[in-house]
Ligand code: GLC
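The data below hold one chain only, encoded as structure tokens and taken in the form predicted on its own.
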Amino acid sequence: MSEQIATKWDRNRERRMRWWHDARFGMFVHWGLYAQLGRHEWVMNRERIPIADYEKLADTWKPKRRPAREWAALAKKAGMKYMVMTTKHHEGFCLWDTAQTDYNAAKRGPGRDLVREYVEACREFGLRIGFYYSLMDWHHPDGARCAKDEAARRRFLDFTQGCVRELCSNYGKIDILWYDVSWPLKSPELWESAKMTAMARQLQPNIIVNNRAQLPEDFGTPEEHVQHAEKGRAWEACMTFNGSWGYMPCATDWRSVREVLGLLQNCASGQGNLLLNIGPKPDGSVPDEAVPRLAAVGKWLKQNGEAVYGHMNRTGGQLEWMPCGQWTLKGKTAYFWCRNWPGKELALGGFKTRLVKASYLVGGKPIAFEQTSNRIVLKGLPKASPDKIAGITVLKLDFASRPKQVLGAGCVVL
């Protein structure tokens, strides 16, 4: 029966995933008790804080009123199309009003359902809704011993499946179920992953599911690096903004606007998505360093979004890396993201396809060009990059057919 259900979802995957492929860019939100300590979301484990001591954080946590509106407003401004929030991280504290445990936001310090506030904020700002759920649980008494005790495994799975059932039942339409860390059970059979996800899909027929319950499901999730998946496999690079998922004020190596845009280009060029994290402060405020960066990214995307959003073709095997920039590709149109402005001329070698038109993506002004059998030279460019937001100017090249560029490592022109 489970195989028949899985086959059904495989068949309609393209329809379910269409919005996600078009979206390209989402916001990850890691928020939990660990924010109060400000020393990484793994602080309970890394510092070996006793459960009894860590539990006290549940009563001292007092977030401000509806901080999720701030996140959603910023995500919208940044050009993000969806959000994924940690409903329960490894620490085991549930951010919703669950019947599975009293260790939750409604019954402890916050005194309310933080997941519901998040869902309402996403809907207010027109963002798709994702729920992160950590399978690993440091607080649950059976979270570790389930690997060695069958009765404990059954109790822990009943708890886990109960949590997933509530998340998929209590908040209306949910778009993404994002599992994480399937420790300590070593197989999807032991986790009953197929059964659990089949239940989620019966409750949420259009939901898409990631690969971290030890089954491939709808999309892969390379973490802290961009790795283009094989053709036909959907993927999303999840990245921290400053090296920590949770709020950690001493982590000061924030990604620049140019770096975030570079990640977006890299993901889009391989038909992937970028899920960029923020770790809100204990009260729910967005860290100050994130706000201007995301606002600038959104301003750039408002002007250049054509080179990011929607159906993309893979550049691999079609277009080559260039010293001045990189590519994204839509059918016959190649977008050159010029990061290192060359001055008055830009030469692009190795093109085997006839160029019909060259222009600036912003404003559409045509660019004069000459094309020979092995070279395109764009002429009459300004001395400095026209883009004043990040110094990344997108040049739009329309070809007679899908462009093909062949360079290789040698210098001989054949």
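We number the residues from 1 along the sequence you see. This is a predicted model, so every value here is computed, not measured.
Not pictured, yet referred to below: the form predicted in complex with ligand GLC.
The partner is not drawn, yet in the model of the complex one stretch among 368 to 376, 65 to 73, 40 to 48, 381 to 389 has residues with heavy atoms inside 4.5 Å of ligand GLC: 40 to 48.
When contacts are judged by a 4.5 Å heavy atom cut-off, Phe156 does not count as touching ligand GLC in the model of the complex. Taking the partner from elsewhere, Phe219 is found to have every heavy atom lying beyond 4.5 Å of ligand GLC in the model of the complex. With a 4.5 Å cutoff on heavy atoms, His90 counts as touching ligand GLC in the model of the complex.
In the model of the complex, ligand GLC sits within 4.5 Å of a heavy atom of Trp245.
Of the candidates Val181, Cys250, Ala99, Ala151, Val181 is the one whose heavy atoms come within 4.5 Å of ligand GLC in the model of the complex; the others do not. Distance criterion of 4.5 Å from any heavy atom to ligand GLC in the model of the complex singles out Glu223 from the list Glu289, Glu124, Asp142, Glu223.
In the model of the complex, ligand GLC lies beyond 4.5 angstroms of every heavy atom of every residue of 370 to 404.
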